[in-house]
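Consider the single chain below, provided in structure tokens and representing the form predicted alone.
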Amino acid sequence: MAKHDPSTPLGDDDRTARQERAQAWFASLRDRICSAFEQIEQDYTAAHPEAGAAGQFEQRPWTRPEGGGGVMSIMHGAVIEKLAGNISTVHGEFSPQIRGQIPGTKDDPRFWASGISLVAHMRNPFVPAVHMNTRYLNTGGEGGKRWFGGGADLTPIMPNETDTADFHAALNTMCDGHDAGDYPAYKDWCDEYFYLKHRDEPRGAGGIFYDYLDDGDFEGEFAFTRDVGETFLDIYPKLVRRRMDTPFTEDDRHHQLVRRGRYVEFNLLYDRGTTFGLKTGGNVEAILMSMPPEVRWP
């Protein structure tokens, strides 16, 4: 298939079809993620009746008055202390204070954005927290910009070299299978992005991060973005199952809650998705869904 020249405007039919395909993919990925984690809950509670009932997702639709909306999926369970997954598709115009800061909006403030964002905080401190996000954006109308972005990163409370190596190996292998994949560059981008400058420390063990992916090969870039989600869905549940029975102490739990504070600090101070959502009139609860349910600052 010939590549599309990014400088050549797409027709309305092409643009709409691509948007619909991306939006449908994010929703289907959400459904499969929910199914996988509900199965983890069922398996764990079947083996540990004392843990109580298995967690199930509660879905909360929301509407954005300026255009679009989404659905939050929230779980609180025996293994998963909080897992929040949001799919959203929003459109409208950027406010004057941020138009021009987003590619393609210097002369035209219109935008369309769809994506999935997931954050999991686990009860057991030996099970790493995780974040995954993929998205597709169109800005500036026909003469604007279209791109994919996203990634996945691991935040262990108790660092484990095996888990980290397996997580990175899965992402590396996935990237190697795509022209759009560049594991070394995306790993470095992730390490640089998820960094707490005020503490001079990384948020976690890293992963991959990419943005503004638009080299004129929509099919290839869409396939890569889908595979980010597929790879996350394959590797992370394996890490959860590997560590969810590990014994832990009250001191381990205290350490977990303190380390979660770093997660909160990053998301409030540096995360671009938080800023984007709040400045485009998004659902505040959905934007802040990544926050852990319990945290301590000593």
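The first residue of the sequence shown is number 1, and the count goes up from there. What you are looking at is a predicted structure, and each value in this text was computed from that prediction instead of being measured.
Omitted here: the form predicted in complex with a further copy of the same chain. The next part is about that form.
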Worksheet item: Of these, His76, Lys106, His91, His178, which has a heavy atom no more than 4.5 Å from a further copy of the same chain in the predicted bound form?
Response: His76
Practice prompt. Find the only residue in Glu265, Asp43, Asp252, Asp234 having a heavy atom within 4.5 Å of a further copy of the same chain in the predicted bound form.
Written response: Glu265
Worksheet item: Pick from 136-144, 198-206, 223-231, 170-178: which stretch has non-hydrogen atoms within 4.5 Å of a further copy of the same chain in the predicted bound form?
Response: 198-206
Practice prompt. Give a yes or no for Arg123: in the predicted bound form, does one of its heavy atoms lie within 4.5 Å of a heavy atom belonging to a further copy of the same chain?
Written response: no
Worksheet entry | a further copy of the same chain contact at Ala17 in the predicted bound form, heavy atom, 4.5 Å | no
Discussion item. Arg99 versus a further copy of the same chain, in the predicted bound form: is there a non-hydrogen atom within 4.5 Å?
Written reply: no
Worksheet item: Does Ala24 reach a further copy of the same chain in the predicted bound form if we count a contact as any heavy atom within 4.5 Å?
Response: no
Worksheet, complete the sentence: Of the residues spanning 283-298, the ones with some heavy atom within 4.5 Å of a further copy of the same chain in the predicted bound form are Val284, Leu288, Met291, Pro292, Pro293, Glu294, Val295, Arg296, Trp297, Pro298
